[in-house]
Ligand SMILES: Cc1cc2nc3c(=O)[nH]c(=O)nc-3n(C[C@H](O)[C@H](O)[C@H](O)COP(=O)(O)OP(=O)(O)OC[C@H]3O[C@@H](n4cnc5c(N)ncnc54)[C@H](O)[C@@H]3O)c2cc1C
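Heads up, the chain below is alone and in the form predicted alone; it's given as structure tokens.
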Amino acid sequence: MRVVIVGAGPTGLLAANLLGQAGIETVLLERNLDLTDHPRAITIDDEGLRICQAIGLAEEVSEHALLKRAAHYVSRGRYLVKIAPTQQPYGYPQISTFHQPTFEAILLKGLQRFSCVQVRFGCHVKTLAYDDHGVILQLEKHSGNIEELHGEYVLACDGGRSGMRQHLEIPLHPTRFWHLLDPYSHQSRRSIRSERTQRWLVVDTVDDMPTLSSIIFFCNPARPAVTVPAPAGGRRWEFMLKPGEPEEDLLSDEAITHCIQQALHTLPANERPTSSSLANKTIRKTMYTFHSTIAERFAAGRRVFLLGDAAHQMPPFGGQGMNSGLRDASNLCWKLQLVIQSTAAPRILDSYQQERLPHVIQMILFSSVLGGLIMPTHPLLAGARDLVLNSIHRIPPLRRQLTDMEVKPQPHYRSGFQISGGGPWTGKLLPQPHILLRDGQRQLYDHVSGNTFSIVRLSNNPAHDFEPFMRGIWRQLAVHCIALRSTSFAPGQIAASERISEIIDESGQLAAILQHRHDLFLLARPDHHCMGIFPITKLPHVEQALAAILS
């Protein structure tokens, strides 16, 4: 077997779809007998939906989601911050909510498209060992039978309590703000083991408050709380436990109803919905301990890789836990494809940790900061927070940064699989505007560029301008050429090659990235991150650098 994926959660299911799409022989193992029947993650962002687009499932996922939600922070009857992004730089709303069992079912059904992918439920990995060709897994099946499975590569997507991570003896470390300066400092500060954790009660209910259509963070020092509208008439409530508070004190319907009423009292008086009894409305209630931890390393021997919660865990306040796992799979799977298909050397797999680790740390700390806004329980600290946020709200540029969620860390890889000298866009995720095709259709950009390497140029003569990219390493990589026209399509003219697509970007975003210059070309990766922008005179340098990366 080429690739073995352990864990059929969102990250593992996505990775299986990406590898299946690439025609890679893959087996997906799950120790349980079926997918989870209860929701854990509840928010998906624009990057997550764009990744679902890459496997052809974004439309179906969107049909079962509540798209374009706002997030409000409220305290003492006043709104502190209203986050309501209006822009969709990556083609999708920046905040949406979803039902995880439905999401996983869509991903599992998507695997039926690929004969090269097997799914095996009721299989638990007992041990792992290495040989010259990969990894040997000893599996215990639900029947009690033991068997061995060999895989060239193993993706551990088995969650926060990852058995695979424990087999590999890779420790978790708490994440601190100094990791922003040195992402690898968690590997050297072995003496610092304490982790700040926080217990929360999570309750999924039938929604009887349709007027609360936004995600609301109740910044109430008496009991910080969150409510999230869910698809299909659902609603999630989350309540912070006080230090030393017994969990059983909050698990009754009466206690939960009191917590809900206490949270609603934080809203402005004219916006408070009435809260009825929870009788026959509770779907699930459970205690969670929120962590801010990261694995000491994301890989073992270029053979086994940790993804998702197996590699990192973060508070839920930024809605980035599952989305970070989706980014992990999107980053790694195309690199595995290059290696398995002998297009690149295994050392390119080192860029997985090199790229993902710093970004994950940013997301953990971003989520921790958002949690810090709602969790103060001392009245003086809560009052100071309200004062600071109210002051920020009076400054238009700062208010806009919060409202449009510009404070969220952007997907920018500053080192890894990229070419030096490519300018400020190197490592950044490219925007995804709607583009116009020759036949008059308007589509999202990725539908045209596809999940492969691509070259983008301003060009009104594609046959001439892309001729250098029809041979050599570009042909080897099956690079897709995108001719960005600055004028309307010439009547009757057709593209000179199947590898060339002509588009018009009416938003002007792509032309602006190219500085409106016809002598520049942009090289993009299969995950739509920019490898660099170069003048055509630097083409030999780029070819040599790309060959060096791959060889």
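Residue numbers run from 1 along the displayed sequence. Because the structure is a prediction, the values reported are computed rather than measured.
The same protein also has a form predicted together with the named molecule, omitted here; what follows describes it.
Asks: So which of I348, I170, L458, V125 reaches within 4.5 angstroms of the named molecule in the predicted bound form, heavy atom to heavy atom?
Replies: Of the candidates I348, I170, L458, V125, V125 is the one lying within 4.5 Å of the named molecule in the predicted bound form.
Asks: Counting any non-hydrogen atom inside 4.5 Å, which residue from L477, V202, I106, C116 sits next to the named molecule in the predicted bound form?
Replies: Here the answer is residue option V202.
Asks: Just one stretch in 443-451, 465-473, 70-78, 314-322 has heavy atoms within 4.5 Å of the named molecule in the predicted bound form, so which one is it?
Replies: So the stretch in question is 314-322.
Asks: I'd like to know whether G159 contacts the named molecule in the predicted bound form, with contact meaning heavy atoms within 4.5 angstroms.
Replies: Although the named molecule is absent here, G159 would touch it in the predicted bound form, with heavy atoms inside 4.5 Å.
Asks: Look up in the predicted bound form whether R236 has a non-hydrogen atom within 4.5 angstroms of the named molecule, and give yes or no.
Replies: Contact with the named molecule, yes.
Asks: If you check in the predicted bound form, is N17 within 4.5 Å of the named molecule, heavy atoms only?
Replies: Taking the distances in the predicted bound form, the answer for N17 is no, it never comes within 4.5 Å of the named molecule.
Asks: Is V61 close to the named molecule in the predicted bound form, meaning a heavy atom pair under 4.5 Å apart or at it?
Replies: Contact check for V61: no, nothing within 4.5 Å of the named molecule in the predicted bound form.
Asks: Within 4.5 Å of the named molecule in the predicted bound form, counting any non-hydrogen atom, which residues from 499-527 show up?
Replies: If the 4.5 Å heavy-atom criterion is applied to the named molecule in the predicted bound form, 499-527 yields nothing.
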